[in-house]
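First, one chain by itself: the form predicted alone, in structure tokens.
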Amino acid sequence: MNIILFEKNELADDCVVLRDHRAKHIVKVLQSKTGDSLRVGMLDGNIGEARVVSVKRKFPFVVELSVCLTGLPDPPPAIDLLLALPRPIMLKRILSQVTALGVDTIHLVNANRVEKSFWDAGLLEEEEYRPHLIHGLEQAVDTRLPKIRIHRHFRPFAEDYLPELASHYSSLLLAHPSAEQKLSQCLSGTPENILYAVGPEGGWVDFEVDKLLTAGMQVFTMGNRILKVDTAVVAIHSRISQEMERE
């Protein structure tokens, strides 16, 4: 945890009182004392510093902070993710990792090889997935929560939603092992806003690939190795970020 984050409704008279895992982290890991300064941020708000006003060092831990938020958050990341819904345990990792890397919107979509039971997972409720996004922000020192968009039906998404969404991006990239183009070949020019798509375990079926291509996506390959979904998401995101930094 590289920044202490709090909700807007937790701030009262420029003070925040923590009684959960954040208080435990301050006491046990940071070993902060009264008068110490900590890096803090308001979720979807500014970043700043807080002075430790008081600390209860025995369980249940309680920490009171006096907060001063003076720094603006970073601009929204220029990368969005289109992800065929993975199994819940993998989705937890992806949400945290891709948030730490920097993503503005995550689109979760159905696909032929997505198990129907995945859609019944409680993780798709905001109160369940939000902590995993926050964990990524705590790692990356950011306050801007990614937006989550859920699309339970592939065909309406690909035929109606995605073509309209496409106008907001300079590049729409579809990871596919049989593609001939490498990622760098799809990002010629000056990429600004990018949407990249990663399929389910077993990959997209031909019908889905055709629909995504019709909507304006370009296929690319990361090489001959077949990666797990969570590994592929991180690897592709890192490569895209590297390519954008070259411009």
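Since this is a predicted model, take the numbers as computed values, not measurements. The first residue of the sequence shown is number 1, and the count goes up from there.
Below: the form predicted in complex with another copy of the chain, not depicted.
- Only one listed stretch (170-178, 99-107, 151-159, 119-127) carries heavy atoms within 4.5 Å of another copy of the chain in the predicted complex, and that stretch is 99-107.
- Interface residue remark: residue 51 is not counted as part of the site for another copy of the chain in the predicted complex, having no heavy atom within 4.5 Å.
- Residue 57 falls outside the set of residues with a heavy atom inside 4.5 Å of another copy of the chain in the predicted complex.
- In the predicted complex, another copy of the chain lies farther than 4.5 Å from every heavy atom of residue 164.
- At the 4.5 Å threshold, heavy atoms of residue 141 reach another copy of the chain in the predicted complex.
- If you take 227-242 and check each residue for a heavy atom within 4.5 Å of another copy of the chain in the predicted complex, you get 227, 228, 230, 231, 234, 235, 238, 239, 241, 242, in sequence order.
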